[in-house]
Structures are given as C-alpha cells and as structure tokens.
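Just the one chain here, laid out as structure tokens, in the form predicted on its own.
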C-alpha cells in the first residue's frame, strides 16, 4: 500500500517535514501573539493588563499544543535529528520550559492572589514570557548558524533573540488592535508601530545571514534562474511591510474597519519568512549535517504514525478553529467565578 504513491522512503519524510513545519508556523503565530502580550505587560496600566489577559484567556493554553505537536513529530519522525538538535540547544530549551511554566502559573495565580500580590504575579507573567521569547529567538539564531557555539554565532543568536521578541511584541500588539478598543487600542497601535522596526531588523538579519553561513544556501538563492523565480518573495514581503505601515497609520479609525489588517498582514509576513527559511535549509533537518531523509525513521514506522496524525491533526485544527470562532469579537472582563 505504501508504494502506491512512489518510494515511501522519499515522500514520507517529506510529508512529516511539512507537518512539522506547519506546526511550528502555527505555533509561532498563535503562541507568538500571547507571548507578545506578556512582553508588553510593563507598558500597560493595571486595568489594561486585565484586559490584555482577557484577550488571550480562551486561547493561550491551546496555542501551546502546536509546540508539543512539533516536538513530538520531530521525536517520532526524525529521532536522530531530535537528539542532535536538543543536545545542542539544551540550555535555551531548559530556559524556555522554565519560562513557560512560570508564565502558566502566573496566569492562573494573578487572578486568585490577594490584590497586594497581584503585581508580583504580573511581573512573573512578564518574566516568563520574556524568557520564552528570548530563548526561542536564541534557538532560531543558533540553528541558522549550524548549531555551533562560537563568539560570532552566539552574538548572532542574541540578535535574533531580541528581534524575535520584538516580533512577538509586534504581533501581540496587532492582536490587541483586533480584540480591544478605545485607549488600549490606541496604545496597541503605538506599540505595533515601534515593534515593526524590530520585525524588519529580524527579517533583514536572518535573510542576510542565511546565505553567508552556507555556500549551498547562497547558491540556492543567487544562481540563475532561481534568483528570478524567488524574486517575488522579498518583493511581496516588502509590500506587506508597506501595507502594515499604511494600516497602522489609519488606526484607530472610528468604524474599526482596519482592525484586522495588521494582524492578518503580520501572519502573511511571518509565513513568507518561514517559507524562505524552509527553502534555504531543505533538504537538511540539521543544517549541513543531516538531511531529513537520513534522519527519518523507517518508512513502516512513519506510515503508522501518519495514520494517527490523519486523525489527530484535524482534531487539533477543529478545536482551535472552534475556540477562535466562539470567542471572536472584543475581549470582555475575564472572570474565574
């Protein structure tokens, strides 16, 4: 049965690489905006913090499902790569997990704690969000640099950590534009305008560094006819940045007609950046060391896992879509009683 679609040793690793990439992209977008809201916490008043929490209350826990799915797919489909990547990224992964735990505990406890202790839990929520964002950005930078630790690669990873954190803050601000109104929405527009610079800086840094660290990636982007075929990618990205700036200049508008444009455009921009990275590193799952075909599990194992994924993935997509549909509209007061 596995041979109906050709050689399973070729198409099954490719399918799982696509599923893993999709999971990572959805995680970056969905958990990215609620991490960004945590990063923006110090710039908000106490009342605004409650409204910000209300805007992510129904979603934040489910958003992290996509991270679990991505890591699970990496483990079962590419176990050799899982060992290499997590060994190289052991410290930032540990920091990320501590940040996620701190953030989750603070989210729940801030609503139950006495008023005098609420500010401490707000601080913990910010610190947990910042730890998670910075560690994920550091991991991205180190992955692009080939998972090697040198002063140059660590410096680049630190830069991507700052840029990804700014990017999360930006997409968090665009989410607040959708979910809030009045003073908080106006403040979110200002946050988004400032965060856009970090997004642009991160895109430029990653786009410039990726071809420089690998002659293979340089050849994939700048040889002919590839450079002509790929030209729409940076052109469309530049157009999306311009659209973002125009939309933010029109916000807030009395009819609230532009409120969805920044968030939707940010998703498109993140997706294009992710597509560029995927193209750059294919077919490697560990940069310049292991291809996804070399790191993949046996085709028989992958086929069995694929059968389970066919049922699990639609279920996750379904309840995610349902949650966002049920809790659409402006955020109201978040209550626990």
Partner chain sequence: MDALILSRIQFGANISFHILFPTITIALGWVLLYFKLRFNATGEERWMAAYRFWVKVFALSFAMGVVSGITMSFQFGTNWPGFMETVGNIAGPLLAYEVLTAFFLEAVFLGIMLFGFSRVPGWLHTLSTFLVAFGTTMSAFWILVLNSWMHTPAGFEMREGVAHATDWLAIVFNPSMPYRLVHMLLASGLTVAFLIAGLSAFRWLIGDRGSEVRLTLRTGVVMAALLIPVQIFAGDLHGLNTLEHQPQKVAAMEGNWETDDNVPLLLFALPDHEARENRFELGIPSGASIILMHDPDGVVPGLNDFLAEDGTVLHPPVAPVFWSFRVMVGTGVLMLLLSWGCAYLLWRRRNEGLPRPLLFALAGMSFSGWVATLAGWYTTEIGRQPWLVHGVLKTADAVAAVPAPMVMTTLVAYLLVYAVLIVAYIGVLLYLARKAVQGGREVPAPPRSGAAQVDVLPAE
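Numbering follows the first chain given and starts at 1. The model shown is predicted, which means the values in this text are computed figures rather than measured ones.
There is also a form predicted together with the partner chain; it is not shown, and the following applies to it.
Engineer: Which of 43-51, 62-70, 278-286, 265-273 has heavy atoms within 4.5 Å of the partner chain in the predicted bound form?
Structural biologist: Correct option: 62-70.
Engineer: Can you tell me whether residue 151 touches the partner chain? I mean in the predicted bound form, with a 4.5 angstroms heavy atom cut-off.
Structural biologist: Contact check for residue 151: no, nothing within 4.5 Å of the partner chain in the predicted bound form.
Engineer: I'd like to know whether residue 327 contacts the partner chain in the predicted bound form, with contact meaning heavy atoms within 4.5 angstroms.
Structural biologist: Output for residue 327 is yes: heavy atoms within 4.5 Å of the partner chain.
Engineer: Hey, in the predicted bound form, is residue 222 touching the partner chain, heavy atoms inside 4.5 Å?
Structural biologist: Output for residue 222 is no: heavy atoms all beyond 4.5 Å of the partner chain.
Engineer: Even though the partner chain is not shown here, does residue 121 get within 4.5 Å of it in the predicted bound form, heavy atoms only?
Structural biologist: Within the cut-off, so yes.
Engineer: Hey, with the partner chain in the predicted bound form, do 82, 96 and 319 all fall inside the 4.5 Å heavy atom range?
Structural biologist: Yes, all three are in contact.
Engineer: Exactly one residue in 75, 233, 127, 239 has a non-hydrogen atom within 4.5 Å of the partner chain in the predicted bound form; which is it?
Structural biologist: For this set of options, the contacting one is 75.
Engineer: Counting non-hydrogen atoms within 4.5 angstroms of the partner chain in the predicted bound form, say which of 197, 105, 183, 243 makes the cut.
Structural biologist: The residue in contact is 105.
Engineer: Heavy atom within 4.5 Å of the partner chain in the predicted bound form: which residues of 101-126 qualify?
Structural biologist: Result: 101, 104, 105, 108, 109, 112, 113, 114, 115, 116, 117, 121.
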